[in-house]
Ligand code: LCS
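The chain below stands alone and is given in structure tokens; this is the form predicted on its own.
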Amino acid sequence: MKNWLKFSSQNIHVGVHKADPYFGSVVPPIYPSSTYQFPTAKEGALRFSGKKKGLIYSRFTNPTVYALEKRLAALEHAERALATSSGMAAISLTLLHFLKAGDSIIAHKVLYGGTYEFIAHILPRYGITVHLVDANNEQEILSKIDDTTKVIYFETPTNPLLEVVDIEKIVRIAQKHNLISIIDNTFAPPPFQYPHDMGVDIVIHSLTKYIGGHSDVIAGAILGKLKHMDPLFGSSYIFYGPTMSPFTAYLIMRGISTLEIRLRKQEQNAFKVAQYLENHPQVERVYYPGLESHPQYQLAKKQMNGYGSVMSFEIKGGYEAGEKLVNSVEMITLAVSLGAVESLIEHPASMTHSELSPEERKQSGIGEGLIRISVGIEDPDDIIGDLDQAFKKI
């Protein structure tokens, strides 16, 4: 039955144990157990060998975490999901699984600051060559592919410039050259975008953001087909140990249940905020894929079912003006992260992308006066009113 349920129904019912043998709990229980009893030594041997399914140890999986993984797989139309302790755990584990010394990776040059640091500065320590490119420039990608190339990695929309990368083009290149395609889909979770359906091999999420949605968890996820996910689990996941707590899994499942209604409300608010910013005299440019002024607006319409609630804008006055604006908001929360029920604002040059040198930020197109805002579910007039009073203080 659950294979044909629609999105909102899946989010509530997949992974729920209808027949709780003890109390009939409607909500999946939290299982804090670290280890699980074997009826016999032979049963334990069969489970360890993979010849028989069953619980072994919560570093491998846990009933609460497994229920979440089933729901996440349904969310992304994937065959298997692995829950991790953070989004960066999902990213680093995936890349270290698919890459080894002597390999090379092609990645889009605009990435979340932590991802950029890991790819650009940490992977080379392991003998991995990194090529940072414009992922919308096919010739630039092709010029970097050789016998060592194993992975192509990107985000869309990107963090923090909300660029839209052509997923079908990346998939076509990856398949032609036998590369593993990996996308961070945090900025456009289902039902807004389905990259796995478009042929992307591995989908990554920071569950901390939209999917958790309440600023109360740190978590990540890796999703894909069994041919990729089973080896990733058996040869990397259980040894790197990026285990998710069952308490975290419980909170994320609660967040998933309201994902679609939160996303739709946030997007409605975001359109109003984006239009306000686009017409503000102190704003030089707004980056939001739902605006017709966005350079990849037509591409966004083609491959997305919604545009999310995160946007960036360049303020006149550079770094000092950017700091002044974010220091002056009253209702909007000055904090990193995104996709939560409350609106969050930050200054990438001094916060999320401070790991990048000024030259690296410049190469990535991240201006010193760039502001990123994640629009929440408050009344949009109050969000705009708060921004308006903050602008007046500059």
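All residue numbers are counted from 1 along the displayed sequence. Just so we're clear, the structure is a prediction, and the values are computed from it rather than from any experiment.
The following text describes the form predicted together with the ligand, which does not appear among the structures shown.
When the ligand is considered in the predicted complex, only one residue from E155, E76, D201, E314 comes within 4.5 Å through any heavy atom, namely E155. Taking V273, I91, V151, L132 one by one, only a single residue has any non-hydrogen atom within 4.5 Å of the ligand in the predicted complex, and it is I91. At a distance threshold of 4.5 angstroms between non-hydrogen atoms, L161 is out of contact with the ligand in the predicted complex.
The ligand is not drawn, but in the predicted complex it has a heavy atom within 4.5 Å of Y112. Taking the partner from elsewhere, P246 is found to have every heavy atom lying beyond 4.5 Å of the ligand in the predicted complex. In the predicted complex, the ligand sits beyond 4.5 Å of every heavy atom of Q363.
Within 4.5 Å of the ligand in the predicted complex, a heavy atom is found for all three of D184, F187 and R372. Look at 363-371, 63-71, 25-33, 330-338: in the predicted complex, residues with non-hydrogen atoms within 4.5 angstroms of the ligand sit in 330-338.
Taking the ligand as positioned in the predicted complex, the residues of 206-222 that bring a heavy atom within 4.5 Å of it are, in sequence order, S206, T208, K209, I218, A219.
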